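Before any questions on how it binds or moves, here is one chain, the form predicted alone, in structure tokens.
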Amino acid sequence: MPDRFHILIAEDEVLAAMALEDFLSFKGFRVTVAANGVEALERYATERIHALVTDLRMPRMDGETLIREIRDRDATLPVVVMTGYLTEDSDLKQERWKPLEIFSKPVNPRTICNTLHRMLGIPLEA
């Protein structure tokens, strides 16, 4: 069932992006990777995306700006944030950004996968 869901990953760390892409693809998701926020926004504009997984610190456009731009178009798109740089007073922790989950790096790909399953209403495998 996950094969019907397209996940956009915005991550400038190549190895982290590849590991997550490989794991999510193995679990049946269709995955597109963008190296920065600008590229991710371009992909979002041309492809049907069901969820965004993003880093916050990236070149050209940071993750928070990317989330704001996408949420202007789709306020309900599930977003998973992976970061090592979130402050306690971050605006992203506000209820208005839900559905949004935030994880500190390093994040186990299984954690991201399980979160996507929950956010997209996909039953977890036994």
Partner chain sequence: MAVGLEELLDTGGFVPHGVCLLWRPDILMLHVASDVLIGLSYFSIPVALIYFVMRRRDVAFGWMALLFALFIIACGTTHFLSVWTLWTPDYVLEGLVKLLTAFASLATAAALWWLMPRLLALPSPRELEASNRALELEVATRREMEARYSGFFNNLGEALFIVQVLPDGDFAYEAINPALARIGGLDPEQLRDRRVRDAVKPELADLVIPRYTACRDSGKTIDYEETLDMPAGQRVFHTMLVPVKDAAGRVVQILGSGRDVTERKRLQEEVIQTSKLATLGTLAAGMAHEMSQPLNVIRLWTENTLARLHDNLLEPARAEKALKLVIEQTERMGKLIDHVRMFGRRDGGGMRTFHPADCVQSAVELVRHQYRHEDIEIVEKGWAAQLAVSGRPLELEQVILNLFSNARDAIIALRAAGGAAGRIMVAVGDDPDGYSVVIQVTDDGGGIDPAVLPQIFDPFFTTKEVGKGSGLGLSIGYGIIDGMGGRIEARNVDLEGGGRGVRFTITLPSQPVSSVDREFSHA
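Computed from a predicted structure; not experimentally measured. Positions refer to the first chain, counted from 1.
The following text describes the form predicted together with the partner chain, which does not appear among the structures shown.
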| property | result |
| --- | --- |
| Leu116: touches the partner chain in the predicted complex, heavy atom cutoff 4.5 angstroms | no |
| Arg48 within 4.5 Å of the partner chain in the predicted complex, heavy atoms | no |
| Heavy atom of Val107 within 4.5 Å of the partner chain in the predicted complex | yes |
| 4.5 Å heavy atom contact, Ala19 to the partner chain in the predicted complex | yes |
